[in-house]
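In structure tokens, the next block holds one chain alone, the form predicted on its own.
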């Protein structure tokens, strides 16, 4: 990124790492972040789009327009945690 220009997001630590990008309209793609600019336009390689119901579509190298990007999630160090609100509510049913 050119000096003097700041991005809305600090994506420098995610370059050359696998990321998942959520777009306006619900589309979700996963790929390797190769570059970005101050407008959050992203370049992803080896990109795969999640089509839902376990289906995927290989896209390869893409340029994602920053105005359509909702969220960028770094896949490294990500893990699923137990939902604390998904417990048995048997106690409440007695009342």
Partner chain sequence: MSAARLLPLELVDKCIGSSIWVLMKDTNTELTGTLKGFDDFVNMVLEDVTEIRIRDGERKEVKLDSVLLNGNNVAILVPGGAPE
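Computed from a predicted structure; not experimentally measured. Numbering follows the first chain given and starts at 1.
There is another form of the same protein, the form predicted together with its partner chain; it is not shown, and what comes next is about it.
Visitor: Residue 25 versus its partner chain, in the predicted bound form: is there a non-hydrogen atom within 4.5 Å?
Guide: Contact with its partner chain, yes.
Visitor: Residue-level contact is defined here as any heavy atom of the residue lying within 4.5 Å of its partner chain in the predicted bound form; does residue 68 satisfy this criterion?
Guide: Contact with its partner chain, yes.
Visitor: Would residue 52 sit within 4.5 Å of its partner chain in the predicted bound form, counting heavy atoms only?
Guide: No, residue 52 sits far enough from its partner chain in the predicted bound form that none of its heavy atoms falls within 4.5 Å.
Visitor: Does the 4.5 Å heavy atom contact test between residue 41 and its partner chain in the predicted bound form come out positive?
Guide: Contact check for residue 41: yes, within 4.5 Å of its partner chain in the predicted bound form.
Visitor: In sequence order, which positions of 33 to 60 have a non-hydrogen atom within 4.5 Å of its partner chain in the predicted bound form?
Guide: The stretch 33 to 60, when checked against its partner chain in the predicted bound form, contributes 34, 35, 36, 37, 41, 42, 43, 49, 57, 59 at the 4.5 Å heavy-atom cut-off.
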